[in-house]
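Shown next as structure tokens: one chain only, the form predicted on its own.
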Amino acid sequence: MRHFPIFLDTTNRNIIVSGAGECAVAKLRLLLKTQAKIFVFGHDPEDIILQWAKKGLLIFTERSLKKNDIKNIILIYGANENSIEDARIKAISNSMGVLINIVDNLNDSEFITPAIVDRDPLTIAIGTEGTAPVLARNIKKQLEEILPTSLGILARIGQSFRNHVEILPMGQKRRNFWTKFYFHDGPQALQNGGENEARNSLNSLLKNTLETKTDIGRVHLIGAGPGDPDLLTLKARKLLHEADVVIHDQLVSEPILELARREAIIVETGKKGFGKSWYQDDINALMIKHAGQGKHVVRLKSGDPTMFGRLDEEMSSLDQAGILYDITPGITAASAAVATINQSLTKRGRNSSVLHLTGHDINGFADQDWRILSIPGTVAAIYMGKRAAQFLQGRLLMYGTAPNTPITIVANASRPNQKILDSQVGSFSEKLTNSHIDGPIIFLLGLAPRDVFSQLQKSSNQIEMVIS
């Protein structure tokens, strides 16, 4: 993030615009919405600038900006449409320690002005680091279409009532109050009886909220999917945004955690094969503690919580504590991994079932029915098998799996650092070791990436033809 977004208080502050042409007019249309005192310096002013000056909306001086004009100034805009003059203004602003924006010149600007959706006092700023203004304008257009202008009126009414609402406890109950006002009671009252009716609805809503029993805490056991935030379900995204507390495992990606509210308590409870880890009992206790305080807790698990996620242990502890919970499934790693190699987990004529296995269980490396795995055409997704790769390879070969059976290694499925290694049972352990890849890994036994698989199948057909 090169440009850090902030909202600057312009009350009783001074801003200068150097330039009086069309470029300056475009910036002034935005700046005149602020509470700053605006000073404009330039030659051959546009008529609209003279009109604004006549109305007292800004102070115009028909000459170039000078150094002694910069007094108590917080921002300067260089809108001269002349690179030499803009460079002169930049040198002056730098000498005075005032931030400057040179319009349409990202490299020489010390700040940029985002595209803005104005529902005063609700303001949405959209920035693209100056790289794609057209994209920002398009997003602004879409937001303006879906956000009614009445939101600004409701926000002002709500702002004047905030002190009264402090009687409600912080957290879910207070959020529910404002949600109901802004998206139900407020708009309805505003439509039926105007601003006075909307203000009256706040008193009624506060009275009803105070009389309502305090919310009971709840735990949402949610699958975060393989890592790509776009693969998160809509329900999971909604619950994550509403959570008071987010308890997540170490494999949940940072972009997904960014979807949580800034005010939420976020706790990583990593469970690692080697090294420092959280005990499951401690994770259970943490969920019960926060839910017992009436908070909405999201227990966020990578992939799908019902797949090798120790879900039953967590549900049992919540049952014993009398805590309500629900489960929101996620896309499991096998589904994401097989999609990345353009294959399917089942295929008519090849396999009518698929095995989901783990490389580890509570006793260490997990033993399986290796003879089933050796049957030609078998497809299996093997989770958590990185440290067990050599063990898995030995068992598969020992029980008759052909050494040339394809096995694909997918690391960080669906993430930007995803890596795919196509291999065979006879050599995949060594290939994995030599690759030095990091992150969550899944093995797809019996499957090769589609292009490689097609080549292997073509080669196999040629051999059969020679033999026959």
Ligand code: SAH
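From 1 onward, residues are counted along the sequence shown. What you are looking at is a predicted structure, and each value in this text was computed from that prediction instead of being measured.
In what follows, reference is made to the form predicted in complex with the named molecule, a form of this protein that is not presented.
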{"query": "Listed residue (Leu251, Leu99, Leu168, Ile327) with a non-hydrogen atom within 4.5 angstroms of the named molecule in the model of the complex", "finding": "Leu251"}
{"query": "Among the candidates Asn284, Gln368, Ser302, Ser201, the residue which, in the model of the complex, approaches the named molecule to within 4.5 Å (heavy atoms)", "finding": "Ser302"}
{"query": "Interface membership of Leu318, the named molecule in the model of the complex, 4.5 Å heavy atom rule", "finding": "no"}
{"query": "Any non-hydrogen atom of Gln343 within 4.5 angstroms of the named molecule in the model of the complex", "finding": "no"}
{"query": "Contact test in the model of the complex: Lys33 vs the named molecule, heavy atoms, 4.5 Å", "finding": "no"}
{"query": "Ala79 within 4.5 Å of the named molecule in the model of the complex, heavy atoms", "finding": "no"}
{"query": "Region of this chain that lies against the named molecule in the model of the complex, out of 425-433, 34-42, 61-69, 439-447 [heavy atom, 4.5 Å]", "finding": "439-447"}
{"query": "Those residues of 320-342 which, in the model of the complex, come within 4.5 Å of the named molecule by heavy atom", "finding": "Thr332, Ala333"}
